[in-house]
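The form predicted on its own is given below as one chain in structure tokens.
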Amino acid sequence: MSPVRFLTGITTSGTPHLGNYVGSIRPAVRASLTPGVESFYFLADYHALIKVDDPARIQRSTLEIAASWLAAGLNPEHVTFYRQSDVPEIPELTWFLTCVTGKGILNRAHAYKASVDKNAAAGLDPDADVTAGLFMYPVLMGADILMFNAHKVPVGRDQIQHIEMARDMASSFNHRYGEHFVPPQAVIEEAVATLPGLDGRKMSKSYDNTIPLFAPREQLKKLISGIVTDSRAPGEPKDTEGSALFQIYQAFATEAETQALRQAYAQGIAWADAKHMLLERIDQEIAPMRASYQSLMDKPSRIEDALLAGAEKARRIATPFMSRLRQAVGLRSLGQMPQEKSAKQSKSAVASFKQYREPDGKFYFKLVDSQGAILIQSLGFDSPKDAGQAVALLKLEGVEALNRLAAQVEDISLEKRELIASELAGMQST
């Protein structure tokens, strides 16, 4: 059975902050250590162009975010860690998806609607200062996910809509051209889905209310002291509901530590003491990573090498996959034009899978060409479901799936492998 694919990215538009860490970086690193998970992590620099027109800022942010992930424990040898712009198949897939995505779906995208509503409130043209990049943002995000057929995508609650749109794109493409994409699922850590910032709103560079992830301790102390609280004096019970300070603490603390602070709130802890507790709890987790982060920041070439190696690994998947998609939509070599056949001939002129059960009680499948010659012969499976899943994988991924099924099929020569690749591509395009 193929591993579960986990994919996440961060837009390179600013310095990583605590919200990025608890909402994306930390769960991503943890997931990368999970057995049976194939992890993809990328720096979304194409996305940054939608909102940032300062080239130096994008370059600096790319360095900072990559260094943050690596300092947090991401091992690029165990995952696929790449820069979005180093994989040219992604913008090509974006166009394919653009051609199957209804404009009405994009009209409902939260970011676009917010811009339109803001313009309407100001009495401006609804699309004033709205770029096509902002409008098409969900399609590029869909391409990021579907390029690698990610099963799980960790997002904040406000990003769920983009995963739903990616599912719609996958469904629309599959309906027209055959089963090529796996519908992704959003993964949310409920306790830290959206981390509040200094002013209580969502921590975001757009609101200028962030706490930089690797801020020195003294700067961290100063920022935490500026977190907005109410005017209740020491000794007065305080509410945890709606308290940005409490929510940030909860994102770093254990359950027992969270309950202890909850009780302290009820007993009237002074805001200064609560902020000191938050400082110590954040620093306990972040301080050990600071030295590693600074070392990486001082040697950008190390990060560049890691990203280029990751892009090469990513393209080993993306390039053949895009080749199959190009075949599927009709972008094919004219030197391989099929001969005109009668309807009866056409039905019998394609390879097909046969599934069956032998007297030994095992279940088998084989791929036979139009002349009945066996191209792939499986070994025995314990259940018809297992055999069927292997067939489905071959139909979905083509010859690339043979590497995963090597222990479940008879040996295949290199010459026959090329023929199999051609037949499977033909099946996908019909």
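So that there is no doubt, residue numbering starts at 1 and follows the sequence shown. Values in this document were obtained by computation on a predicted structure and should not be read as measured data.
Separately, the form predicted in complex with tryptophan (TRP) exists; it is not shown, and the next lines address it.
- Using a 4.5 angstroms threshold between heavy atoms, residue 7 counts as touching tryptophan (TRP) in the predicted bound form.
- With a 4.5 Å cutoff on heavy atoms, residue 47 counts as touching tryptophan (TRP) in the predicted bound form.
- Although the partner is absent here, residue 145 lies within 4.5 Å of tryptophan (TRP) in the predicted bound form, judged by heavy atoms.
- Taking the partner from the other structure, tryptophan (TRP) in the predicted bound form has no heavy atom within 4.5 Å of any heavy atom of residue 274.
- Checked against tryptophan (TRP) in the predicted bound form, the candidates 93, 213, 248, 141 yield a single residue with a heavy atom inside 4.5 Å, and that residue is 141.
- Proximity to tryptophan (TRP) in the predicted bound form, defined as a heavy atom within 4.5 Å, holds among 295, 323, 98, 159 only for 159.
- For tryptophan (TRP) in the predicted bound form, the listed stretch (200 to 208, 150 to 158, 230 to 238, 113 to 121) containing residues with heavy atoms inside 4.5 Å is 150 to 158.
- At a distance of at most 4.5 angstroms from tryptophan (TRP) in the predicted bound form, all three residues 11, 42 and 137 contribute at least one non-hydrogen atom.
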